[in-house]
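Just one chain follows, in the form predicted on its own, and it is written as structure tokens.
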Amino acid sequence: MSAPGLNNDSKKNKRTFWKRNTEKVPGSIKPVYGAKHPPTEAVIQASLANTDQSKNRNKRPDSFADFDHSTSDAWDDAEDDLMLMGTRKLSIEETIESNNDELHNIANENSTNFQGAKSKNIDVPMSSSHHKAFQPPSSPVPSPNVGSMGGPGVGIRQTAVIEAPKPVTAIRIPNIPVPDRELSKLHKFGQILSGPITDLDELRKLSWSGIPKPVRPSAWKILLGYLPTNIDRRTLTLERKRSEYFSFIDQYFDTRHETIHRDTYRQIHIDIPRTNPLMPLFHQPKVHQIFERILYIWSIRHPASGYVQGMNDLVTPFFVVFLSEYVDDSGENLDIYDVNKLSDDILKCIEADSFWCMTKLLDGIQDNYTFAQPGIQLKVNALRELVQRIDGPLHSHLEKHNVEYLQFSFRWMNNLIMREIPLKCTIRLWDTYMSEGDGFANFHLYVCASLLVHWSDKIRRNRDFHSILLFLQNLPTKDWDNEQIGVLVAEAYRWKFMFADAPNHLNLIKK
């Protein structure tokens, strides 16, 4: 047991210690000041007064406080100035005037030192900075980032000239002559596409009746959502998406020979030579390789549907349109164009752009290609009901001869009637599809109905099942051009206007 005297001394020492170090108790609450919350002038004056009193206190000779108060440098003086400056709102004019005065003083001091050294015959090294007159800026340019509050460094920021980066457009318009009747339309497209922000609604309205060939590649990319409407973001978006596509190739394309993917790749390899067999463009080995990579990568990244026969046709319009972006010579026929004339970098751009745009298209109609293809089943049934309302005699004629709509319209839905009309007509038709918000998913139904009704008279002249089906699977459209497609989409729009917003018109009540 310890002596009572020692206990009293220890208690006294504890009381003395805590009393002496009241301001240094761990966890004590102290106000924290910063750039957003500077101390008031009263707080600063009180702090300076406490500092003067603390200097007069007797402290241990080796304490850090004694060392801190015994030393002085420019930073300590600047801190007091900055704290006082924070309590005062300086206008931009006062800050600029203060900055200019400081620059004048520095210039005068340098000039005095230089003249003094010269009068004493002291060699002064003449650097490149001495050849330029050191003058304060006469009309400093305000920075847009500086507000009304003053602060350290504001005067310096006021003298910096900030130039906005020049916008870089990703739109490339090839040098392709257009007919005189399209010059006015081309000019309107140029105004919309070259603006800082493309008006998507205006672009859709203008594109509905067809897009001029020189601007079609850029218009398609924007309408599909592949390119942003902001012109400053297009170049970076293209670089990022193209790089992303080829990273998919590095990651997945080597798996095509694995057991789990072998059948998919084999089917793609078989279908590609069947793509547009009458066009030599698609018979070139390089084009085959491009299509193989596009279709295989898409099937790997979309396992819910995978590759389905007919998807190979959907790549061709994108490939031809984006190829035309780099073929400036109007005399070149794209049907027989030799892709070996283009560099590998250009072919890679065409390949990546075709992949992403085909992906955007299939995202809206993917239920056409999932198991049992429910999207196509629904559209075929809707086509039957629509034709029954539009052209009753034609519908009755097909039923009389046991012609099912699925037997001829399945391919229309699966391939988007690409095998029923020439490729140039498909490209023109897709101008309208992309202008419609749901063109490939819903408006295509009315185009199919318009196509069927267009041939109503010739279909009814055939009096047996085989002749009717043979005619429907080989429609005489090889000589069609944009004029016939314009009539087709106009009729489709009429049917859509009549029935799309009134679905009960399609529900026939059989009595």
Partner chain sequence: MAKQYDIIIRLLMVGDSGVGKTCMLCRFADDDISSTHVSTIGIDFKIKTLTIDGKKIRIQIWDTAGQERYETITKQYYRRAQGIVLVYDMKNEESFKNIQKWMKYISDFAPEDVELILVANKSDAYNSERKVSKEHGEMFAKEHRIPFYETSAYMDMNINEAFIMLARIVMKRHKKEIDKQMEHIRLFCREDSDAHIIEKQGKDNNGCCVLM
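Numbering follows the first chain given and starts at 1. These numbers were taken from a predicted model, which means no experiment stands behind them.
Just so it is clear, the following notes concern the form predicted together with the partner chain, a form of the same protein that is not shown.
- Residue contact check for residue 285: none of its heavy atoms lie within 4.5 Å of the partner chain in the predicted complex.
- Under a 4.5 angstroms non-hydrogen atom cutoff, the partner chain in the predicted complex has residue 419 among its neighbouring residues.
- Taking the partner from elsewhere, residue 308 is found to have a heavy atom lying within 4.5 Å of the partner chain in the predicted complex.
- The partner chain is not drawn, but in the predicted complex it has no heavy atom within 4.5 Å of residue 260.
- Per the 4.5 Å heavy atom criterion, the partner chain in the predicted complex is contacted by stretch 273 to 281, the sole one of 338 to 346, 243 to 251, 273 to 281, 223 to 231.
- Proximity to the partner chain in the predicted complex holds for all of 373, 411 and 415, with the criterion being a heavy atom within 4.5 Å.
- This chain is displayed alone, yet in the predicted complex one of 322, 440, 265, 369 has a heavy atom within 4.5 Å of the partner chain; that residue is 369.
- A single residue from the set 435, 407, 359, 388 has any heavy atom within 4.5 angstroms of the partner chain in the predicted complex; that residue is 407.
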